[in-house]
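Before any questions on how it binds or moves, here is one chain, the form predicted on its own, in structure tokens.
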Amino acid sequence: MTQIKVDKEKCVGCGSCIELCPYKALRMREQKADYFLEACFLCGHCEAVCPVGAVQMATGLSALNLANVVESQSVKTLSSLETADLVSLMRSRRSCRRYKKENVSMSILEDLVKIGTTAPSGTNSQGWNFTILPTRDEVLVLGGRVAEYFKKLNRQAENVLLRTIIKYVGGDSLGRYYRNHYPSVSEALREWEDDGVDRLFHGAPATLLVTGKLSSSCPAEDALLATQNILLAAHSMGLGSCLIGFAVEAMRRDLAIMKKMEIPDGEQIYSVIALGIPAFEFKRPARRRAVLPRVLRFDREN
């Protein structure tokens, strides 16, 4: 099936689609645009740039079909989007570590996944995938598996001989974990088992797992870009969110957790996002350390 269709009656021969196509999949024939390849990576630039709507993709959704957001098909340009509002949204999103017990509706969670897919991806592979844990019960199943992993890791870290052997054979990773994380993880595990305190997901009633297909050209970057979209969209909807790095680490190292979460072979976990209604409201935006960027200027003669 032809992936890109050109309506020759509508086409005015402006050449914009040809000039913009990164795949060189279009050419001019008889003063009309012509798609001549069997396939490209379907970035959709040709369809988006056509001034008369003569170019159409045969696949892909033209709208996200969100349940809780009224979508606009207009393109937001520099003249129609206030950068200050965007910066304010980014700065005001913080990691939430206290949630109300109210559930997040499945339709909102599904909307967040759809919004995540608007992120860019390497060669437009869109190789990400998403797993929704929609209730507190499912979150606790994952939390329990992560806790079991760190219990085993702590037992290994307590072993001085094992830490010494690993240091001389494969680096000081277990030693660094023992020095930097063992005390706090031990206390968190004790609170989890004895008091039912959740210092991993902070009581979040829902979680999104973002994975990437390892066959994609850059799965980690793709998944993390989609994650940022989800974080910002969740904040705009009044939801709190928090990235749970300890859960990502446990899932990567314990394939049994990946299997329990029904992550297919050939996919890697890149982010675990706790979601819920915040139990409080922040009054001020986040501070950030000042960054002095490196500026490179090369002598053109060299």
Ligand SMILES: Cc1cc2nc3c(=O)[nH]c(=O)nc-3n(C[C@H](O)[C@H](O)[C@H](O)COP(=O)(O)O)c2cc1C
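Residue numbers run from 1 along the displayed sequence. A quick note: this is a predicted structure, and the numbers were derived from the prediction, not measured.
Missing here is the form predicted in complex with the named molecule; even so, the following discussion is about that form.
Contact between Ile244 and the named molecule in the model of the complex is found at the 4.5 Å heavy atom cutoff. Although the partner is absent here, His202 is a contact residue: one of its heavy atoms lies within 4.5 angstroms of the named molecule in the model of the complex. Under a 4.5 angstroms non-hydrogen atom cutoff, the named molecule in the model of the complex has Ser95 among its neighbouring residues. In the model of the complex, Lys24 stays away from the named molecule, with no heavy atom inside 4.5 Å.
Residues of just one listed stretch (56-64, 256-264, 236-244, 40-48) have heavy atoms within 4.5 Å of the named molecule in the model of the complex: 236-244.
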